[in-house]
Each structure stands twice: as C-alpha cells, then as structure tokens.
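Next comes just one chain, in structure tokens: the form predicted on its own.
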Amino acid sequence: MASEFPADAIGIDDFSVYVPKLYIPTVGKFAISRGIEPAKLVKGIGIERMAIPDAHEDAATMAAMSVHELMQRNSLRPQDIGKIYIGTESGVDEAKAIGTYVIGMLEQIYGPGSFQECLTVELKSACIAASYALEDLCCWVAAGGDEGRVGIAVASDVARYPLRSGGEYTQGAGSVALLVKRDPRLIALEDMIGVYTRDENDFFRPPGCSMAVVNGKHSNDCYLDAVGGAFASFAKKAIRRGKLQLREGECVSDHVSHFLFHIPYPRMVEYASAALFRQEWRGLPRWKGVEDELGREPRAEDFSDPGEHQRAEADFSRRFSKSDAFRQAFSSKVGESARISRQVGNIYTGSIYLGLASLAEQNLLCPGQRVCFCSYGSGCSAMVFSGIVREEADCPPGRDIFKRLDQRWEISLQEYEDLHEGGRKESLIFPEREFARLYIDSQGYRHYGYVSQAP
C-alpha cells in the first residue's frame, strides 16, 4: 500500500473539530416518541447520538470555534493566514459571506483589523463544498500565492430536518477546520482528482426554507452513481499518469489503505463502499469467487421486466454486503472511519472529515498509506482524490475528541424540540470561553461575541 512521498508536497498539515456540548440519544425516549425500533437507528442507520446546537450556536460560531482551536494548536497568528474558505449549506446570510462573521469573531481575540489581509469566501455545493474549498486552497498554495502564509478550509453545518420526518434521526452539527500548507505533517495530497456532476433533485433547500427537502432513496442512488463515476474518473487518471502500476489481477482500490466517504449516516458508508468494491472487482479473477459464493450477478439483459431486475439487483447487493470478501475489505479499509459520526450525526460538509478525524484519533494513519477521499454533494456532484500519510503524521498533538464527546450534556426530548423549533431563546449551557450569537437586531443582522466567562 505504501507510496513515495511527493517531493514538493501540499496538503493537510493539521485539523481541529468542534462539536456542540449538547446531544440527544437516538434510542430511549426519542425512538419511543417516533415509534421507531431502537435497533433500526443504532444498527440500520448507525447514529447513536445527535449533536444539537445550543441557542447561542450556529454555523458561524462553530466555524469560529474550530478555526480558533486550529490556530491555538499550531501557534498561528492572523498574519500567518492568507485565506479562510468555508464550505457550508447552513449559511447565516443570503449575501454576506459566513467567513466575514468568523473573522469578526476572531478579531475580538486577536485585535481589530488583525485579519484584514486575509481573504474569505463562502462555498456552497451541498455536502461537497468543503472539499472544493480544500482543492482551491491547495491550488493557491501550489501557485505560489501563499508568500509563506497558510490557508484554512472550514466545514461548518447544522443538519436539520422537520420533527418526525424520515431524516430527523440523521441530524447533527459541528465544524472541522483543515490547515492547508506546503510540506504538511499529516497528508500530502496527490495531483489527481476524479469528478462527476449532473443535475438532480435528490436534496435541496428552496429560498426562504430553513430545512432541506430530501428525496431519500433517490438521494442514495445519486450518491452511489456519482461516487462510482468520480472514482472511475480518478482511477483512469491515476493509471494514465503513472501514479499506480497495476499488476495482473489488481485494481486501484488494492492500492488504497483507507477510504473516506461522505457520511450522511454511518450505514451509508457501507452501501457506498459495497458499490465501489463491486465496481472495482467485477471482471477480475477474484469476482469468480464472489459469484461462486453468491451466484451470478444480475444482468439487465436477462430480465424482460425492469422492476424484476431491480429487485434481483437489490437482493444481490444485500448478499454482497454480507460476503466474506466484502466484509474483510470493509473492516480493513472503511469501517473505523465512521466512529465519530456515530456519536455526532450528519454535519453535511464536514462529515467526510470526521472520518479523517476518526482514523487519526485511533492512531490508524501510518506513514506511506494512501487515503482516498470520496466526497459527495447532493444536486449532485462527487469528487474523488487521494493523499499519502506523512512520516510526521503523529506529530500534531492529540485532540481528545472521544473524551470531549463523552463529556457532553444529554438533553431531554422536550429541550431538543424547543431548540429545534426555535422556541428556546436562552442557552441550556451558558457560553464560556467560546463564541456566541448574542442577538439579532431589527434589520435581521446577527451580532456575535466572545464570551470569556459565564455571569
């Protein structure tokens, strides 16, 4: 699996994760009140706890928290940062970039005007936006525009769906900030990107709506199609550019140690990896072993009724996901990436980077390993890219993410519903040493501040 380190590497040097201090378990009273079997949520969906923003929190405060932590972890000064690009679909203003709010909050700590030479922009492309921010910053650094300064790509989102809707139990909230620079300690990104785009209505949020419209099954199908298409594009480029030398019977996924997928809910990672491995293994000698175990893969030409073919395909997919070959590949290359998401839920643009955090916090990233990022955004677009784990990957200090998740405050069903519907104006935990939305004025403008201590 090992690969040579790029000579002039650009990539992810470090990252920080912010998750609200409040959560609600998906089992217990929540499951009972929604008439759902707890096993469906824990095993069928994979989310055990949903992170819930307090009354003073939104995508802007969470972004500021993750950037501030990243700066503290790396002793960064405002003048060290050239760009802060933020991917979000939970923007707090229809015109003003969320990054300007973030800079305004940070300047309350670092001083007025301290970030005036830092560019910021808000990117929107559903859950893939932060990956586009990362790509843009890498191109900026590679072009020599950094002048020694670094870039920060931020993912910050609040996933909200109507109460008692089919998407409610996949909610979550949080922010991930990625430090992008030359000679990174964590992951050096490779110069090959596979993409896939088409116009779809699988997930969207019309103007004026506070929550998205989700066409569930169609969204899953779009996810699988787009990631499969982007990976095929990535594989062609990797082989054409000589990045990978495949031996007889090998495929590109054999040269990947870890796959990171967008995680709307952890079980989706299993569906996505099963579709990708089927795509990769089909036609190789090993596929005979799969069909010996499961029977012949359904082919459209063998069915006169499209519906019958769809049912046969769904049955084969279920059985493939339980096959020995897939379970082994999933366990070694994918499974552990969803550990944090099980305790947080969906955070849209940052979900794939919670996968990176899961691997890093479990010390599963080893020098020379190739990590493949399979990023997806509804609407729809996918981007597949890769990076090599650096020798200095264990140099950034630990983040104690799992410990912090264990220290959160469980809220009641009523408290959760009040926060969800905007009925609660006062925070359940008063902000202390954190950024907070203080008030919204008569013009609708949001005012933020840094609260050093509780009253």
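One-based numbering along the sequence shown. Quick caveat, the model's predicted, so the values are computed rather than measured.
What follows is about the form predicted in complex with a small molecule, which we do not show.
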| property | result |
| --- | --- |
| Contact test in the predicted complex: Gly166 vs the small molecule, heavy atoms, 4.5 Å | yes |
| Ser156 within 4.5 Å of the small molecule in the predicted complex, heavy atoms | no |
| Contact test in the predicted complex: Phe203 vs the small molecule, heavy atoms, 4.5 Å | yes |
| Partner proximity in the predicted complex: Asn74 to the small molecule, non-hydrogen atom cutoff 4.5 Å | no |
| Residue (of Asp400, Glu421, Glu37, Glu426) lying close to the small molecule in the predicted complex, criterion heavy atoms within 4.5 Å | Glu37 |
| Contact assignment for the small molecule in the predicted complex, among Tyr110, Tyr271, Trp287, Phe303, heavy atom within 4.5 Å | Tyr271 |
| Within 4.5 Å of the small molecule in the predicted complex, all of Ser219, His262 and Tyr265 (non-hydrogen atom) | yes |
| Options 292 to 300, 209 to 217, 252 to 260, 358 to 366; stretch whose heavy atom lies within 4.5 Å of the small molecule in the predicted complex | 209 to 217 |
